[in-house]
Each structure stands twice: as C-alpha cells, then as structure tokens.
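A single chain comes next, written as structure tokens; it is the form predicted alone.
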Amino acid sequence: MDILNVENIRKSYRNNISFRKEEVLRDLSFFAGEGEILGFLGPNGAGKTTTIKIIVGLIRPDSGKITILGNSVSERQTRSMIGFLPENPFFYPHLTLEEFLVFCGKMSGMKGKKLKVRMESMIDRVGLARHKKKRLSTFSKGMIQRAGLAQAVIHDPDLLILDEPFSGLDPLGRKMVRDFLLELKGRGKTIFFSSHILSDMEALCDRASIIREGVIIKNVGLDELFIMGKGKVEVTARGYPESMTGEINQFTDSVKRSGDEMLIVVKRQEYVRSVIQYLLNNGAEVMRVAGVQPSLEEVFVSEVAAGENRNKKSITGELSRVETSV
C-alpha cells in the first residue's frame, strides 16, 4: 500500500533580479510504500527541500497532487499523520526539553497521562534523559537534532519526513538514529528522508530516488545495486609483489594494496579462474573471493555526472545550430 504519493508536481519561483519565473520542480513523481524507507538524493539546488516543504504543506505546488493514505495533504487530518524534522530546526530556546515536547504533543492533539508517558519514552529513546530539565538554548547542535527527532515522532505518525536527520550528530548519535529509524520501519512506519551522508542512506533505505534539476532521474533499489554489480569479483591475495600484476591487467579493473594484502577487482566472472591461477603460480595466497556491487554513492555520482554531460552536449548542439544558421 502506498502511504505517500507525489504526482506530477511543478513549482516555480520568481527570480529576485529579473522577476522571471524559474522552474524548480518539473513533473516530479515518486511514491513510498507502507513500512518502507525511501531515500531522497540530489546535488545542492536540485529541489529536495522545496519538495519536502510541499509534502508537509508549508508551500503549495503550481500543479500536481500529493496524497497520504489516499487523502489530500491539504487536509488537516492528513497532516496529523506526518512527523517532520526540517534541515535546520529552530525550537523555542526558553523551553526545557520536557516543556517543548509537551507543547508539541498538545499541538498534535495529545494530552494527560498518555502524553506524559509518550514524552518520557521518546526522551529516553533519543538519549536525552539526563537533559530533559535543561533549556533548549543550552543544547548543542547534535542534541537539538535528537530533540527534533523526538518531536517528530511524539504523536506516533504514520509517515516521517526527515530533512538531513544525521546533520550535526557524532558517530554514537548517528547509530542511535539509524537504529531508531529501523525500529520504526519494523513497526510499519514509512520514512522519507534526504541526506548527504550516503553510507547511512545505503544502510537504511529500501529504495532511493535521485533528483536533478527538479526531475527524478533514477530510482534505485538495494536489489538493483546488487544486479548492477553482477559479474565483477574482488579477489584478495597475499604474498607477492605488486610489480607482478602486469600480466593480469587485461582481466582487471583495479589492483590496490591494503596493508600486506592486494585487492584485485576482476572485470568479469569468466576471468576469475585465470587470475586466481596466475596468483597461485606466482606463490601468492588467495584469501577471499567475493562479488562486487557499486555503492549508492557511486551510482549517485555516475547519474548526476551523466546528466551534466547530456546537458553540455545539448548546449553544444544548440550553439552549433545557431552558428550554422548565422
């Protein structure tokens, strides 16, 4: 079942200098299913934050439709199903963490003992129990981020929208957030988040949508990452000099040293036997043989670079046609 559905969204802003309209989002469409973690990737200025603001109802699109559980996001009841953490959260600095979460809970229709129990549970879950009586003005960036996650889930929403949730967190904080998001996913919650920390995204996401210049240019699933790497094999060997690898260069993509081991990426599976035989014949010890798959970062960089190359070719073609006509 699709929890979040974004269909054919367009959004333009007027340029402050020329007053011309510039299109930020162009026919943007994607979805997120129940119990799914969907990552949202894109270079700076691609339209990620604008998309998120439209989903949570902070701004309106020029055209298109967004539904949550089949209902329009413009309806108040629908928005109550959303938990939101912005990229740069600003919370009332004079409030303590307890006071802040009680305020957020009441804004979401919670009250009484249920709110108190939920507040205590969320404070403990994000690791801020020792700081619950402190004012938010004394919190570090990482602590504010943890508090922001607590307020996003205080009302137990069906859909979490998180903009850079790992920003400002130390390694322990990042692990806490990863574990918490996986816990929420296990309870059937749908999570949509953007992040520049692609290793965390790769560890969490079922799928990732890559946006460039206001358009989704690729949807990537973890299964697809495995298929994309099918054929390549990494062989780890020990006990021979790097200078002896010249004869197998035709079969390899790369050969790198890591300590006293050599990491050899073989281009295709049918070459593996020849490479291993060569290593054994030259006195090397083969430690491991494993399939290779590209990282989400590699896919992201490749797709964005391909889009830039297509744009350059298009511009060059237009200039050529103009020069020819002149």
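Position 1 is the first residue in the sequence shown; the rest follow in order. No experiment lies behind these values; they were computed from the predicted model shown.
The form predicted together with a small molecule is left out here; the points below concern that form.
Name the stretch, out of 65-73, 49-57, 26-34, 263-271, where some heavy atom lies within 4.5 Å of the small molecule in the predicted complex. Comparing against the small molecule in the predicted complex, the contact stretch is 49-57.
Please determine whether Ser258 contacts the small molecule in the predicted complex, using a 4.5 Å cut-off between heavy atoms. Flag for Ser258 set to no.
Hey, in the predicted complex, is Gly283 touching the small molecule, heavy atoms inside 4.5 Å? So Gly283 does not count as contacting the small molecule.
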